[in-house]
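As structure tokens, one chain now follows by itself in the form predicted alone.
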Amino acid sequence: MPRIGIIGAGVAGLHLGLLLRQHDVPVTLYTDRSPHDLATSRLQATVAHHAPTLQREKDLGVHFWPDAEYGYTCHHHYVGGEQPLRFRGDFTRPSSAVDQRLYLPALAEAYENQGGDLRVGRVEAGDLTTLADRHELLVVAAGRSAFSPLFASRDAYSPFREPQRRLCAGLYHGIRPADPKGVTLSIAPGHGELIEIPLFSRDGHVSALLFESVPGSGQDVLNDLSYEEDPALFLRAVRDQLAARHPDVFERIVPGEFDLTGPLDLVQGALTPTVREDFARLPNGRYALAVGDAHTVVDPIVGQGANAASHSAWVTGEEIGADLALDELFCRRVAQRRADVVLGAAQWSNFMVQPPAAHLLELLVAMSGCQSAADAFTDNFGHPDRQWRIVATAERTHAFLERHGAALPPAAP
């Protein structure tokens, strides 16, 4: 049996490790944080898992948070402007959101219970030769690892040299859930977006607020304030932004109860979306394969990072079990099989953080009057390859709307 080394114990690393252990493949997973350290750490992100990812969890035996209690069934859309748009899109199968500080330690325990080797410690670039000799394949699944420079940026899919949004994500008490239970996607033209997610955390069912702020806009004031230095000032600024730009969430705030769930339940920062090469040849002739954040870093505006990482891990695991050798041809097979979903997620995310194209605005308007189109668009959050095929060009968007019987924009004179 080939010996597989995985660097990174996020969604990609753990899903791959669990899948390989189901087939008795020897796996060593290297991580710089123990499950206990992760469980007690600061919030890193607010992550939603869509139906295909939840199905993979079920297949792996780690679906510890059943849809009936922890899932949600729809997206509520709000688009601000002189004539605001409001509409809902429903999933065919639920999505769910669980705090990664609960999720990842639980999966790490399951991985070890299945015989997986989990090693905690920092892996440095100088360890490359040793790791390459120890494993027939090295999978790099941590975007901030010392091995990231192995994989060059792919300019065709990495159009940005700096972040397109400033991110402020926190967990809050005192927001009534939307009815029916679902995510609220709120757009404030010129300022950015808000994604409100019903999320299960260490404090039970809470509301995650992810502000995606255009740099230099009024909304990004939230990134310049410290909750720990002045909680009242920070919370007042959050309420002010909700009132001014995201009224559908603001109206569900419960007076006297609205607060961050804890000082560690807030993360502020930014990232530059990047797609890297799929694999690299190591000095001893073996290969390193990039998976998850080591391969694609996407802005969280449409919630694709963890889902694309899970898909990529699953394809990698299946190919390890099916192929004859873990060579360059194997790496190319993995790259080809995952490309539609993973690169679709990257391209769709990149499209959404740019100034809105005319056909995106047409799509939003049309979906507000066509339930079939709104449902299909919402369900495609679990299928970013399909979504990218819809929004990539005006012609494709119009064909999608025509298929669903939605009103098309008037033809240009």
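Nothing here was measured: the structure is a model prediction, and the numbers come from that model. The first residue of the sequence shown is number 1, and the count goes up from there.
One more form of this protein should be noted, the form predicted together with a further copy of the same chain, which is absent from this view; the next part is about it.
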Listed range touching a further copy of the same chain, judged in the model of the complex by heavy atoms within 4.5 Å, from 192-200, 307-315, 126-134, 333-341:
333-341
Looking at Val120, Ala244, Leu329, Ala152, which is the one with a non-hydrogen atom within 4.5 Å of a further copy of the same chain in the model of the complex?
Leu329
Please determine whether Asp259 contacts a further copy of the same chain in the model of the complex, using a 4.5 Å cut-off between heavy atoms.
no
Hey, in the model of the complex, is Gly321 touching a further copy of the same chain, heavy atoms inside 4.5 Å?
yes
Does at least one non-hydrogen atom of Ile390 fall within 4.5 angstroms of a further copy of the same chain in the model of the complex?
yes
Is there a heavy atom of Arg396 lying 4.5 Å or less from a heavy atom of a further copy of the same chain in the model of the complex?
yes
